[in-house]
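We've got the same protein chain twice here, in two forms, each standing alone as structure tokens: structure 1 and structure 2.
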Structure 1
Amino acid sequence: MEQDQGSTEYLNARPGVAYVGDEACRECHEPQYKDFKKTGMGRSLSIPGPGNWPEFTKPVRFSSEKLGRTYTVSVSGRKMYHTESKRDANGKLEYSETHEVAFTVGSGDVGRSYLVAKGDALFLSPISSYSGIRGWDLSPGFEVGQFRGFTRPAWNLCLTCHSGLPRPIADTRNRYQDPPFRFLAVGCERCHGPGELHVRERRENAPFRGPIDFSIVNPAHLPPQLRDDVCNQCHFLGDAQILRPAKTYLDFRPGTPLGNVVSVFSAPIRPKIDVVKALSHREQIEMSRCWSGSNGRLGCITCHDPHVQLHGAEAAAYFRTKCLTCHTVKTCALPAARRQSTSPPDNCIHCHMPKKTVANIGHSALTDHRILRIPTQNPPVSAPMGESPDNLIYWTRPRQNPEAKPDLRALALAYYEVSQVYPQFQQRGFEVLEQAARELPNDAEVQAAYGLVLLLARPGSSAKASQALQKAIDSGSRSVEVQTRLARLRLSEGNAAAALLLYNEAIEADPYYTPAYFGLAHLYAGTHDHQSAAETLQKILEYDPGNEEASRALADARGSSSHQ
């Protein structure tokens, strides 16, 4: 039964209803609790221990020729440690950095990554374990040189989806309360919403307010868009996610539109047939004839039961029954002998939803949700019909108005994000961002993006960029990138005092933001205060000892200081 949005709403979707945790759900839903804890979602985040490292009790050691680093994994005293080290051409140790692993991210179905703590900040370890190779390699983003060392921040979005309930410090990008998670793994309330009201009413045997229990969200009773938004909150990343003003990812509650919290956009790029992109499930499914023929009825939970995770022959049989609710055996063009040759036999998924290499995660393969009738045939881009190929695909349209256009703010910021990956959108993106900057002079994020783009797109417009970045800060931006870029401009204008203040504010906001330290050291060097420059550079090496640029700059600063 679908709930009409205009009728009684789910009461736990309202702000103020508290999360209670899975143990409260367990009182009445023991079978679902036990099954869910065995799924990938139920094992999404954990504290390292013998239960999630049985294959790694022996020391692990491997080297990356590309990065010139060696990595080791060791277990001691029921704790796991990761080490990165480097030796020079003569074999002399240049540095070695060891961290205790604080949290294990992932169930191990595809692999696991690991978080280390530095103060109240969390960072991704440069190495991950991959089930596909039954071994270790560089973590996502490290293999292409985008990150290095123990310096990749654990962004709020990443931890929101991989954990039960993170506790970020407001207005920071990578700082967390102690402890950083109220609940570790994804739990019941991620899909059903906060359970305080439901638990209280069921314990009191309160009567239902209608034909179903409206004290707790049941996604199966939601309209298609709201139903799918429960899954989309984590399984659909798009190419740009733009939070609504004053919103955080934790503001989303099942039973409400995802678009109330975040606008999701994709670039209309033709997909490759032999690879899939992680967290693109909605894009994939909407390329399928199954979805287009269902008039929106086909959704994630049409085929998936989130409470259980099946494997092997059991999974093949289960999903085959799902296919046969709409199709018949006679509609398959393959002869029976060919169908029986798959392993397990007569496996619809084997042909129409095979595992494909993941474009943005190494050593990984995920199910292709495009449900291709002919597996070698590339489906069309899933952009709404009639849209220009220069326009981004806007996914979080209001249910009441499927033709709605994105607001100027969201569109401008989306182009800003997308054009950093796809240069072909830079020209159109700049035009939209410039318009937004004119019409939204007090929007901190728009002004920040405009100022940063101006520095790259129009190097001669530093004064205009400076003005935009200052507007961003005056409007409430606490971005350390904005503070650091504006500090550079202030220094180039001869205002060293303003630059000094901005650099120090950036470092206070994020003690691990390396560009701010480099900028501050440059400021000190420019005033011939080489001792302060050296002390500043030394702080980088305290949290990032493998930073070669900082090591070279420190040697220069010390050399200059000794000649004063």
Structure 2
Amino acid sequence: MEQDQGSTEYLNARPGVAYVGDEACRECHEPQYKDFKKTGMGRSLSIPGPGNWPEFTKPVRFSSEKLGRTYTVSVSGRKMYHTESKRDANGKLEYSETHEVAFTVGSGDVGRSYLVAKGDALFLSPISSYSGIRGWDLSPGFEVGQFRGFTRPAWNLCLTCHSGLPRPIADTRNRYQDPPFRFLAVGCERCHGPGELHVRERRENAPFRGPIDFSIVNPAHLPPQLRDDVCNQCHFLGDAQILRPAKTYLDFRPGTPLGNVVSVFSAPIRPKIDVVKALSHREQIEMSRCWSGSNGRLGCITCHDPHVQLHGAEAAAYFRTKCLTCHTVKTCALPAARRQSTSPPDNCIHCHMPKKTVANIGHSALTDHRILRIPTQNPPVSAPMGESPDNLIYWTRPRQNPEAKPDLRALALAYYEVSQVYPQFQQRGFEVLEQAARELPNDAEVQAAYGLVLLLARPGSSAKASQALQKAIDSGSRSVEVQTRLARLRLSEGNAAAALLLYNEAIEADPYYTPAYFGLAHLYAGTHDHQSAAETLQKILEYDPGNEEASRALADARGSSSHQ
């Protein structure tokens, strides 16, 4: 396999070196500690409480006409509460669901979202606050009906980027240990690697074991790709992230290639002029002529000191000095006199890196990192890395082999993910997935994806689909979607016992996975056990009272059971 073993000199990138937390660094690095805690990253996740919720100034209430629901935010006894409720046409309350907010996601520079706990699972609140409007609205994706209620799982990935160190329970979906985070906000060791060894050696005043201190990673000493990978682990989402077999995001260590843990792909889609996508700073930077003309020298940390976040005139002056490490004042083609119009005068970033509306998040703006001559004109879209328009762009190439192709497994799974957003990749995606399913009969994720595609897009191939899904489970898949889909197939094949087992396994892995309850209720209804069907549907309404499909099904099941 094309993997860079990253035979890193850094001793703290090796397995077994423990994380110690930011407080341990403070003792010797007070300046970095103090500055960093004031940045957005240093405040990326927090527990709401008085003094810690500047966005909350008075009780909030708003309605969504489209969703027919009302939302409120209130504060009581040092806690914040979010409520979603619905009334019928006569004004009678149909349901109301209130949760204490457990965690705040985001510093608030741009906005904040909120997590609520149900048992040991974490879910996104439908309510977010937005700095752009200094107010509250539905969370991204809720207004278009992609998510609803308090049912969107926070999921590993959301927390991997926003928290210091999440503690998921292995082999479950969206369930966490107590407490769910070892460290709340992003901390020193996410960029410098685990600190145990460095702290010990510096305390003991041990001699360096090399020309520099290899007990801790300084990104500034890394070659360009490894340097940028430190930031890419959280700042670059792409359109598909495919974990390597048996890896989790938490296996990444600064100083080693991100591609050892995850393969990142994006679809070659032409960007619009006036919007930027969130989490695409890297794609944008690579479209710039500053990047292509400077041979890898331009990385995130060429311009950013991640310990310090500057604002206003201070930021303008700071970034100007960064531009002027490669440019001179005279390289700007606009006459000097016309550059005095900005505030402060001759503010390079005001003209070349303006804030733009974000395509995939409401009420927000991010900085255009394409560094265009004239940002209001469409940039020449350089096909990144010279690929053809129907091929996915593969970002996590090993550094010693820039021509490397992704392995079949990662490519097939990437097409599967990308096709769900961009249907134009479905045909090519199916071909690649079919090949992968043939060549990798024991790969749980490949078999799972193949089975699901067959089921959803190839009517009439349910026998083949159930074979693939069974292979996925035999190869170790713990996907609740696979279990639930296969259960449904087993039921239709007449094997209710196997179906029952699979539904129960799915519910154990994720007690809030609604499709499994619906499947189970359907199974009971099929055996005329309307009592059990009703009890199963009732469970959905216990954790998701706004689920109208479950209410209707429950009414039907109760109707049926009273006719027995």
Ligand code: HEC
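If you superpose the two forms and keep the largest set of C-alpha atoms that fall within 1.5 Å, you have the rigid core. Keep in mind that what you see is a predicted model, and the values were worked out from it rather than measured. Every residue number counts along structure 1's sequence, beginning with 1.
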| said: I want to make sure I have the labels right. Is the form predicted on its own structure 1, or is it structure 2? | reply: 1
| After the core is matched up, is the C-alpha of Pro345 off by 2 Å or more between structures 1 and 2? | yes
